[in-house]
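One chain comes next, on its own, written as structure tokens: the form predicted on its own.
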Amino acid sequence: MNKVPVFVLIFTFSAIFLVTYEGCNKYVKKTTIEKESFGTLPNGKKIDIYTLQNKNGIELKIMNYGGAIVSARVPDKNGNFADVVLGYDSLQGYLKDNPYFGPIVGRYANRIAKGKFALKGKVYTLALNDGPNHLHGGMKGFDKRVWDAVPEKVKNGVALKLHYFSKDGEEGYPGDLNVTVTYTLTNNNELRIDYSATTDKPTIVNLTNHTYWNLAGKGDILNQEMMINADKFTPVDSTLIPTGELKSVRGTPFDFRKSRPIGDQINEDDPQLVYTHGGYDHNWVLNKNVPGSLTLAARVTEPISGRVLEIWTTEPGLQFYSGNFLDGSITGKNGQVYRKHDAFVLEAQHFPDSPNHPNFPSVVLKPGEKYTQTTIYKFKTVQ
């Protein structure tokens, strides 16, 4: 066996070390948050957009108009990044009659039947902005409000803290409501959303985020595989208001207890799917041993890219919407036309129309109490 001179060994080792170090350094990103102008509202109010990036290169863009998630660039199994969120290239798109691309929705997310609910013996009347019903806080809900934004460096990531003060009577809701929503992008590739609110009068509160996801970054989501951790769902009537029943998913198109393609049963002749224009727009009753505990609600896998999105939440329900009302009339980012089933929405929340169903978990918030909710979106990949 020939001996290799010592000086050659030292040189070879040094060269390998330098290449490895430089290669790693090339791909390591800094954890940053940056603010830029994103346009101006018709009333002259300037809107900002914040870019959050973690050390792994995942990048989120969030604006203070509606607290909307404008984009989310995440890697596939080969390290290639793509934007997996639907939306617009500029503020002007969001000022049109858009289908809630990415914002915080409230004061009450989802639907309230006929825009009415009773509290402490008084009947409150809300705007009817979804056929005969009230939807996502009304004509000018939290999605159309300008939030105060404060960027923060936090342990293991960066955060954007948003605050909004909703006055007593706004959109028909009682009580002054102080709302804080904090988006945190961690170096563990998690988007954590923490919600809190207090009131000076009894009121109802149900907050969520309404981002449209497509883990492929384009095309439809019918082959993306969904798991929902729920044995029951809440069936709806023809106006998409829950009947009050908590129905077993067993033997129905709503059984996602085992992961399967979203499009697997989406075209079945089931009245529930007909009501929602050929797709899902329903609330699942999440399996929880302890109410209010942070548990896995859903997992979506895109088989080609290997991207995985997990949703963990403290909320009792998860609204799964399969983009049924996208009809090709909207042109979004990079000139992309959004068509039916081009995205899914997973809204962690309390059940729709809860104020009118005593058997549903309560959404009443009283003075001296604090509303809290935490939902985490975990980005992963599989080979």
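Note that the coordinates shown come from a computational prediction; the quantities given were computed from them, not determined experimentally. In this text, residue numbers run from 1 along the sequence as written.
Separately, the form predicted in complex with a small molecule exists; it is not shown, and the next lines address it.
Heavy atoms within 4.5 Å of the small molecule in the predicted complex are found in one stretch of 63-71, 336-344, 316-324, 33-41, which is 316-324. Not one of K232, K288 and I311 is positioned with any heavy atom within 4.5 Å of the small molecule in the predicted complex. Between the options G278, G115, P151, P99, the residue in contact with the small molecule in the predicted complex by a heavy atom within 4.5 angstroms is P99. Contact with the small molecule in the predicted complex, judged by any heavy atom within 4.5 Å, is made by just one of Y164, Y212, Y195, Y88: Y212. A residue is said to contact a partner when one of its heavy atoms sits within 4.5 Å of a partner heavy atom; R307 fails this definition for the small molecule in the predicted complex, lying far away.
Contact annotation: R111 falls within 4.5 Å of the small molecule in the predicted complex, judged by heavy atom distances. Mapping the unseen interface onto this chain, V205 falls outside it, with no heavy atom inside 4.5 Å of the small molecule in the predicted complex. Using a 4.5 angstroms limit between non-hydrogen atoms, R145 is distant from the small molecule in the predicted complex.
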